[in-house]
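Below you'll find only one chain, the form predicted on its own, shown as C-alpha cells.
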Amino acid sequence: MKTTTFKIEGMNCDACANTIKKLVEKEPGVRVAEVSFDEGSARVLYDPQSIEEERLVDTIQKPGFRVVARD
C-alpha cells in the first residue's frame, strides 16, 4: 500500500471535499481517502499495483479541481 498527499486548488467548501472523497474512494485499489477543504489536500491510501497515481489525479481533476502538487 502507498499513501500520497495531493494539494488541490478549487475547493470552495466541505461539500467539494466530500465530492472528491466519494469519487476517489470509488476507484479500484483505493483503501481510504481523507480530503480536507481547510488544508486544500487529499491524502489517499491505495494499492499501486491496482491503480496508478496519474489515474487518481485524473479522478480528482475530473469535476474541475486542480492538483498542483503531490507528496
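Given the structure is predicted, the values throughout are model-derived calculations rather than measurements. Each residue number is its position in the shown sequence, starting from 1.
One more form of this protein exists, namely the form predicted together with a further copy of the same chain; it is left out here, but the text below deals with it.
- The shortest heavy atom separation between Q49 and a further copy of the same chain in the predicted bound form exceeds 4.5 Å.
- Looking at V57, you'd find every heavy atom of it more than 4.5 angstroms from a further copy of the same chain in the predicted bound form.
- Looking at F6, you'd find every heavy atom of it more than 4.5 angstroms from a further copy of the same chain in the predicted bound form.
- Although the partner is absent from the chain shown here, C13, C16 and K26 each have a heavy atom within 4.5 Å of a further copy of the same chain in the predicted bound form.
- In sequence order, K62, P63, G64, F65 are the residues of 55-71 having a heavy atom within 4.5 Å of a further copy of the same chain in the predicted bound form; the partner itself is omitted from this view.
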